[in-house]
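In structure tokens, one chain follows: the form predicted on its own.
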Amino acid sequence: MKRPLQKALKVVFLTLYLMVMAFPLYWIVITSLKPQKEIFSFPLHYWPSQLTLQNYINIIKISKFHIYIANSLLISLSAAAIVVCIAVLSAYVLARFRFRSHRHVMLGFFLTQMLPGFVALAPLYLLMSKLGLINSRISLVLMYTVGLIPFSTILLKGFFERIPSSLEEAAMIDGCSRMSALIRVIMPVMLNGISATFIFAFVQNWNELFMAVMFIDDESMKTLPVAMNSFVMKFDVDWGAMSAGTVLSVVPTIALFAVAQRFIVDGLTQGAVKG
């Protein structure tokens, strides 16, 4: 009798947990489909009396929403790709070679994760201003890349340490250079880890707000989080437009997670075994 009771309690607990976690997403979707007057009605309506797409039509017609999405995609994909390329090489060196400052490099990577990002906003703004990169997508790509390299390197180092070094040694005996062995032999084996790291970097770049607000003022250069922030006005918040924009903004990340779910789960569990 204990096992069926335990299973029933587990199912009830997980169902309640799922409902609590899914309710904010449900509320955002429902709010985006409500007429403007019904959003502020009291008592609350958990299901709108009339479904409307007017909030979606407004943000697409009035704002340059397609430009914001295109900017976010371009910047997020570019920075994530560069992060993975650099992190693969740095993680390979840290996993395969032992040198005098090895521990100091790892300690430096870990310490960077303890510092809040906004601490560096002022000096970074001055640097980008002197380089003439304010209001440029390049500035965001550079900042996102630099910010994510340490954690991505730590994550990928765990994958490299799980792969026996005899694989590339055998490839090098057969005539491959070390770089060729890394690309042809090692990277296909750790495809799950590379995919998980790329998706992690993409999502972090996609949701980043502070640097995008600091470095971008031009309307045609703004990213999606900056556009969403503009719905918060001084004395009012356009909840309908914000909810509709939120729903549209999470579609790419949900699609990415749905397509690459297997790589994420396998990659993160494998990389967490050894760091």
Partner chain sequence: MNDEQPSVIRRLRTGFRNSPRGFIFFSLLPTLVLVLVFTYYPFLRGIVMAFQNYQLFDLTNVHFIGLDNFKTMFNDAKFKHASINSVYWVFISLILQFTIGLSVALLLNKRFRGRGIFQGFVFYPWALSGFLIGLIWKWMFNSQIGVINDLLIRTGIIHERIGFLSDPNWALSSVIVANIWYGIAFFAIMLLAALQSVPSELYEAGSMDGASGTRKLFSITMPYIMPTVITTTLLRAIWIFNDPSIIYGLTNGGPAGSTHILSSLMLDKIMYGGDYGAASAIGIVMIGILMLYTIFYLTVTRSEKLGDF
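What you are looking at is a predicted structure, and each value in this text was computed from that prediction instead of being measured. Positions refer to the first chain, counted from 1.
Keep in mind the form predicted together with its partner chain is missing from the figure; the text below concerns it.
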(request) Would you check, heavy atoms only and a 4.5 Å threshold, whether R184 touches its partner chain in the predicted complex? (result) no
(message) E161 versus its partner chain, in the predicted complex: is there a non-hydrogen atom within 4.5 Å?
(response) yes
(message) Residue-level question: is P225 within 4.5 Å of its partner chain in the predicted complex, judged on heavy atoms?
(response) yes
(request) State yes or no: in the predicted complex, is some non-hydrogen atom of N192 no more than 4.5 angstroms from a non-hydrogen atom of its partner chain? (result) yes
(request) Output the sequence-ordered list of residues from 96 to 126 with at least one heavy atom within 4.5 Å of its partner chain in the predicted complex. (result) F97, R98, F99, H102, R103, V105, M106, L107, G108, F109, F110, L111, T112, Q113, M114, L115, P116, F118, V119, A120, A122, P123, L124, L126
